[in-house]
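The chain below stands alone and is given as structure tokens, in the form predicted alone.
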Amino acid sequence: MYDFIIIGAGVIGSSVARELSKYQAKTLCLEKENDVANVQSLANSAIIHAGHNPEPGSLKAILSIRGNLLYDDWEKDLHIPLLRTGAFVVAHNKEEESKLEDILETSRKNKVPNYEILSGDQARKIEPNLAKSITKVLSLPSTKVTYPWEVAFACMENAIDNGVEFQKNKLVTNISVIDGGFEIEVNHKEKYRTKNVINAAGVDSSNLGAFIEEPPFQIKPRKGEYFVLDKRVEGFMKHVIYPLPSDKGKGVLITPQVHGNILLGPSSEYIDDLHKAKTTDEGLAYIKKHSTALAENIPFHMIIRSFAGIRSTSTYDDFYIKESSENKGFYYLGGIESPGLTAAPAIGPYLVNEVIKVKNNYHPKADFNPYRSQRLEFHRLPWQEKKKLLDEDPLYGRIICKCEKITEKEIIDAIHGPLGSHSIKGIKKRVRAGAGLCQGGYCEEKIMKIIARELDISPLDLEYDDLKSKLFKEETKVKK
């Protein structure tokens, strides 16, 4: 029997796994997808917010302020990429300036550091492409941007290194209450027993609770669509640019990314399907229209892709991080939408230490290792280090993805790493092969052959993403 089973390996589930790995507790994390961070953690704005928006005193406010600060520790310990952008919340007229003052007051109550009001002209000296119609901005220097699935990879790899078990492609199909805990059925056949369940299933969190009780909230999924601008636009906007928030959320943003791209979006639309996130002509047109209120001369001709993601908005007005009132040992992490990524480093400790109070029943590990090795990015290394690596392995000299300058050796390491991936999308997430201007048009075939070779399998068995996304149906150019 396990002490803890975590259901869900997004940013939140992975951060909880790392926190539990500090204790002498037998822990398993189950993920229904073919990879870590493949749903909500995959498709979002990647912003570590300053804490200017949540209701003062709410968990969203408290944990996002803590989380923002803790990312500096994660950067050092787990080698998570951070881009310290700062942010501007913009106003266009006297009415909006009044609302900006309300956000400033929220920032003060939430103890956001170093905020200030700038005139439109002052802001345009810093960001020349800011729209001329903007009259004032609230500057939030503590805003940062990260790489969301890299956050989840880092936490889960470190958790595994410290003894946590991880299994993917494990869809929970039933949960039963048993003596001493719970029995979890997976894929309608396998069964696991555990003393405690941590429900970090995102959009499925209320459905999982419904296996054993009437869940304390319902998920009302919201879809957000985005454009990605090619990294050649790097520098067009250095700050995250927010409009004034509305009941639909923070609105359409302009967001610089860690690797030089810029995101435009998201839109915001409530949908019925928890799992279908598709872009639409209407949603993408909405982004174009509203982003032009933030900046002049947006290089729409540099769009290289669009995507959509689902946010696990709930009927509860805050993060729901509580133990079930009916079934002790069943813990909810529900409604973890924005600023969930921001709060992630604080959510794990809050759940483990303040809600579960793990120290009361489990001893800390004396040999816990808080560090994760940094992933090598060959093209960023000084020449002398490159030469040394080339002497050790000539495959560092074979560039597979020309857009992102990714070598064959980096792809091989991603296939066989602690969270190794055998899918095209998984390799893209780990080393960015296929994430550039051509979106895999030139390198995907080479990546496919490398995966097949390294795993000694037929290309017919390769997947683009999940187990149902086979790349090929059959061979056609063979003798019958």
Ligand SMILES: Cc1cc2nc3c(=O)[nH]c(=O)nc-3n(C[C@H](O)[C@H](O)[C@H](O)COP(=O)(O)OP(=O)(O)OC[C@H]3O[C@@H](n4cnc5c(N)ncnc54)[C@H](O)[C@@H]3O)c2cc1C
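Numbers for residues come from their place in the sequence shown, where the first is 1. If you're wondering where the values come from, they're calculated on a predicted model, not measured in any experiment.
Only in words, not in the display: the form predicted in complex with the named molecule, which the text now covers.
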For this session: Please pick, from Thr407, Ser107, Thr342, Ser206, the one residue with any non-hydrogen atom lying within 4.5 angstroms of the named molecule in the model of the complex.
Result: Thr342
Problem set entry | Complete contact of Gln40, His49 and Ala201 with the named molecule in the model of the complex (any heavy atom, 4.5 Å) | yes
Problem set entry | Heavy atom contact within 4.5 Å of the named molecule in the model of the complex, the stretch among 277 to 285, 193 to 201, 367 to 375, 87 to 95 | 193 to 201
Exercise. Do Asn162 and the named molecule share at least one heavy atom pair within 4.5 Å in the model of the complex?
Worked result: no
Problem set entry | in the model of the complex, Ser423 touching the named molecule (heavy atom, 4.5 Å) | no
Problem set entry | Proximity of Val431 to the named molecule in the model of the complex, heavy atoms at 4.5 Å | no
Exercise. Any of the heavy atoms of Gly309 lying within 4.5 Å of the named molecule in the model of the complex?
Worked result: yes
Problem set entry | Interface residues of 10 to 34 toward the named molecule, as seen in the model of the complex [heavy atoms, 4.5 Å] | Gly10, Val11, Ile12, Gly13, Leu30, Glu31, Lys32, Glu33
